[in-house]
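The data below hold one chain only, encoded as structure tokens and taken in the form predicted alone.
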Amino acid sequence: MKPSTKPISMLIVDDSMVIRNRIARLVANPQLPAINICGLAGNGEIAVQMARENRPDLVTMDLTMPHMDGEACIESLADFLPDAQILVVSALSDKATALRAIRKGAHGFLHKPFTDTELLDSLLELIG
């Protein structure tokens, strides 16, 4: 992503409201550039709808969700938002799952549970 004066827009996708709120709180960290959260989605269907409306630059994506799982959602987002950086944040930790997500369009993988520092480092790597 090119540095600009425009804040980075971010969509947070996770079926856990606790995780969505934690990520939202952490992106306000002064170590990160300005990030505007353009949506919080509890499943892939809502995420696709919000992404079409808001065109986020950055997405955090859970894999295990109702209605549309993360892999299907990543594929859909990569289709119409090819420049969006997608960070998978999932309790599924096997290499095959991570590789499948990356092949479908994800750019990084963070295993749950994660520390605040791990999330910040992962986000900085994607937007840096």
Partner chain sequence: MKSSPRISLGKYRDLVLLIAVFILIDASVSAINIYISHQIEADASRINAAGQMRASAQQLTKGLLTLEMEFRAGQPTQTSQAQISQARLGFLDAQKVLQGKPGQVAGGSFLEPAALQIQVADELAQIIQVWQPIDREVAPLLLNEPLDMETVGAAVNKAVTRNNRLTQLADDLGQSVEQLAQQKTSSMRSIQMAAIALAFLNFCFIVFKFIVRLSNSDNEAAQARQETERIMGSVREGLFLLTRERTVGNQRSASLDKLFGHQLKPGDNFHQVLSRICTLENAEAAEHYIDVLFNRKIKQALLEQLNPLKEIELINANKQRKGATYVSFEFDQIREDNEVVALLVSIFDVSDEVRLERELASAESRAKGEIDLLLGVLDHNPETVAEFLQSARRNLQLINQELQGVQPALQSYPQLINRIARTLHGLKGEAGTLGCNSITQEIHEFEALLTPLRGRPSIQGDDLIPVAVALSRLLAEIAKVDSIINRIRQHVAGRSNTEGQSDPLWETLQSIEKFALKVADDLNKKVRIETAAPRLNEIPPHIAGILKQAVPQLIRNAIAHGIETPEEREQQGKASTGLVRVEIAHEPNGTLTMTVHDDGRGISASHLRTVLVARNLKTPEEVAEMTDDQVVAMLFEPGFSSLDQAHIHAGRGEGLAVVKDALREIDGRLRITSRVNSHTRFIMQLKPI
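Residue numbers count along the first chain shown, from 1. Quick caveat, the model's predicted, so the values are computed rather than measured.
Below, we turn to the form predicted together with its partner chain, even though it does not appear here.
Among the residues L26, L87, M65, V48, the one placing a heavy atom within 4.5 Å of its partner chain in the predicted complex is L87. Taking the partner from elsewhere, every residue among P82, A98 and L110 has a non-hydrogen atom within 4.5 angstroms of its partner chain in the predicted complex. Although the partner is absent here, L11 lies well away from its partner chain in the predicted complex, with no heavy atom inside 4.5 Å. Proximity of A72 to its partner chain in the predicted complex falls outside the 4.5 Å heavy atom cutoff.
In the predicted complex, its partner chain lies farther than 4.5 Å from every heavy atom of A91. Proximity of L32 to its partner chain in the predicted complex: non-hydrogen atoms within 4.5 Å are absent; the residue sits far from the partner.
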